[in-house]
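Encoded as structure tokens, the following chain is the form predicted on its own, with no partner shown.
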Amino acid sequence: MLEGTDVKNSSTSLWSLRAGERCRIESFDDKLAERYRIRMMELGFHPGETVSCVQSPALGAPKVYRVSNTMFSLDDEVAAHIVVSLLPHE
């Protein structure tokens, strides 16, 4: 666990985040194809990285996430397979 962080004791998927929530990536589940796993890590979505949900539109539209200083739009086909731990609001 990172010092100075107070992580809620629940793991969930990146897709379940609402706008304004932050998380730390824990892992990828076994259902995510290896090629997607590799691509996500190339984009900065790797275990230990902090991610913020910037926008969470209604009706299942892709959500917008911030990793480092870059924004990405992901749909549920990928984001639902990234296991995260919620972080407290800053």
Partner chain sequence: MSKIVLIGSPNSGKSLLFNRLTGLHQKVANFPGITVDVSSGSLQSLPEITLVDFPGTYSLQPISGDEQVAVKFFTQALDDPNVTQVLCLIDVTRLEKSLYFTLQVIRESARHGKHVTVLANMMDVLEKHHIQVDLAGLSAQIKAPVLPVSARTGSGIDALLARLKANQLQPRSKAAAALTDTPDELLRGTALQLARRFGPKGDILIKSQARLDDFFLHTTLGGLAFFGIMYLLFQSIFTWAAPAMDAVEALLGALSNIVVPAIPNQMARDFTADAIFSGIGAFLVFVPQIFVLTFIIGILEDSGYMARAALICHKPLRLFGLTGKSFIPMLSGVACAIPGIYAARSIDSPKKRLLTYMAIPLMPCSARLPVYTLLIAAFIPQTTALGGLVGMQGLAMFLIYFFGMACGLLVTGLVSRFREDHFTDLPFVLEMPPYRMPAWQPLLRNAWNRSKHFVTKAGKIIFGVTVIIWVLGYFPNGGADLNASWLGHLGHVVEPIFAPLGLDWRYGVAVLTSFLAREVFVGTLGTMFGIEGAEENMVPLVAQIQASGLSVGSGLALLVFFAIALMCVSTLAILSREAQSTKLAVNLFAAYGVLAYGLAILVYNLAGLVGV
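Remember, predicted model here, so these are calculated numbers, not experimental data. Positions refer to the first chain, counted from 1.
What comes next is about the form predicted together with the partner chain, which is not displayed.
Using a 4.5 angstroms limit between non-hydrogen atoms, residue 27 is distant from the partner chain in the model of the complex.
Contact annotation: residue 76 falls within 4.5 Å of the partner chain in the model of the complex, judged by heavy atom distances. The partner chain in the model of the complex comes within 4.5 Å of a heavy atom belonging to residue 40. For the chain shown alone, residue 68 is a contact residue for the partner chain in the model of the complex, at least one non-hydrogen atom being within 4.5 angstroms.
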